[in-house]
Structure formats: structure tokens, C-alpha cells
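Given as C-alpha cells, the chain that follows is alone and in the form predicted alone.
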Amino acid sequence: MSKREAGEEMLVRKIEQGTVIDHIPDWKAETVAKVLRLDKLARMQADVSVAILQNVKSQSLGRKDIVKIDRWQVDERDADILSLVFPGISVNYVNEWKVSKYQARVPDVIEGRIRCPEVSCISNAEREPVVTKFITLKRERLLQCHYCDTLLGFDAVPDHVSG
């Protein structure tokens, strides 16, 4: 019996070059797009295609989401930030049809990618040339601002991702 006859045909074609993020919890692909700032690709008018599959059958998760970005490689630092929110994700880079897995890991320090939620933090002052910096408290699943010690839960990261 062919895959087509078994109803296992592909929903989206394979890509020659790009990134596939797999094992995203079901209905959470939009959060992935937010963390990766995929909207910037539209602003850049980049020649890329993005396919978001939601609530796809999965043997290991029951249901999952998948984000496939054709002709765009997600930065490893962004993949690491994504692993804060979704520790079980898989990041696969595709180059000339060959797939290599990137093992995303929770970074010790995150600089310049997350805004401090404390309005009076020096990193939020427009006149100060300060790059945001957070220390990761892995066991507590928290980020701590280097400048004002404000704590930010891993789950709140998508709401504070910056440019």
C-alpha cells in the first residue's frame, strides 16, 4: 500500500534549503512565529516561503505544529531562545536537500533580544545606549535582568521579544 493510499501524503513539499521547526505543541506555531519575528521577513520582502502546519498528527505528541521556512535559516541564538518556551522542539536545517539537526539549548545569557518588563529599567531608556541583557535561571525557568534584577518567566518571553 502506498503512502497516498494509506492517507499519509505530504501536506507541504520538501524544501531544498531552509529551516524546519518540528515538535511544537499543537496550536502554538503562532508563538514560534512571534519569537522568531517571522513578520520581519515580510517587511524585508525576502524571497522566502513560510508554511505553518497546525494540529498535525504526531506519533510522539498526539498532535503537533510544524513551521517550515523555505530559503531562510533561523539564527541559532533565536532557536535557543525558542527552546526556553518550547523545550521539546526540533530545529532542522536543510541545505541542498540534506537535513542536519540543531540541538537548541537554553542559553546562559541573552543579549539584545528581549525587552525588560520593568519600565524604569535603564535598558528601556531611549537615550541610554544599553543593550538588554538577561541571565538565565534555568532551574527556576526564569530570566533575570542584568541591570534591574527584574524576573521574567520563560513562558512570558514571546511577549517581550524585541527587534
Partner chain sequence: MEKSDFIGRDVVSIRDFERDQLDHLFDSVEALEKQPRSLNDILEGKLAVILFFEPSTRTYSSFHIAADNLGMKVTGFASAAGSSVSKGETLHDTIRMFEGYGADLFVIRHARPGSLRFAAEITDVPVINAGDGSREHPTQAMTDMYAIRKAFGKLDGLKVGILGDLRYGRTASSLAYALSNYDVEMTFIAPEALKMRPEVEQYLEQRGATTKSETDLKNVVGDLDVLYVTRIQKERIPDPTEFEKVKGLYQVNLEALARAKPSLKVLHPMPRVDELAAELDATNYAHYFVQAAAGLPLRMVLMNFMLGGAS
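Positions refer to the first chain, counted from 1. These numbers were taken from a predicted model, which means no experiment stands behind them.
The same protein also exists as the form predicted in complex with its partner chain; that form is not shown, yet it is the one meant from here on.
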Location of its partner chain contact in the predicted bound form, chosen stretch of 63-71, 26-34, 40-48, 111-119 [non-hydrogen atom, 4.5 Å]: 111-119
Heavy atom to heavy atom, is Val12 within 4.5 Å of its partner chain in the predicted bound form? no
With a 4.5 Å heavy atom cut-off, would you call Glu16 a contact of its partner chain in the predicted bound form? no
Any of the heavy atoms of Glu140 lying within 4.5 Å of its partner chain in the predicted bound form? yes
4.5 Å heavy atom contact, Asp155 to its partner chain in the predicted bound form: no
With the partner left out here, which residues of 127-148 have a non-hydrogen atom within 4.5 Å of its partner chain in the predicted bound form? Arg127, Glu128, Pro129, Val130, Leu137, Glu140, Leu142, Gln144, His146, Tyr147, Cys148
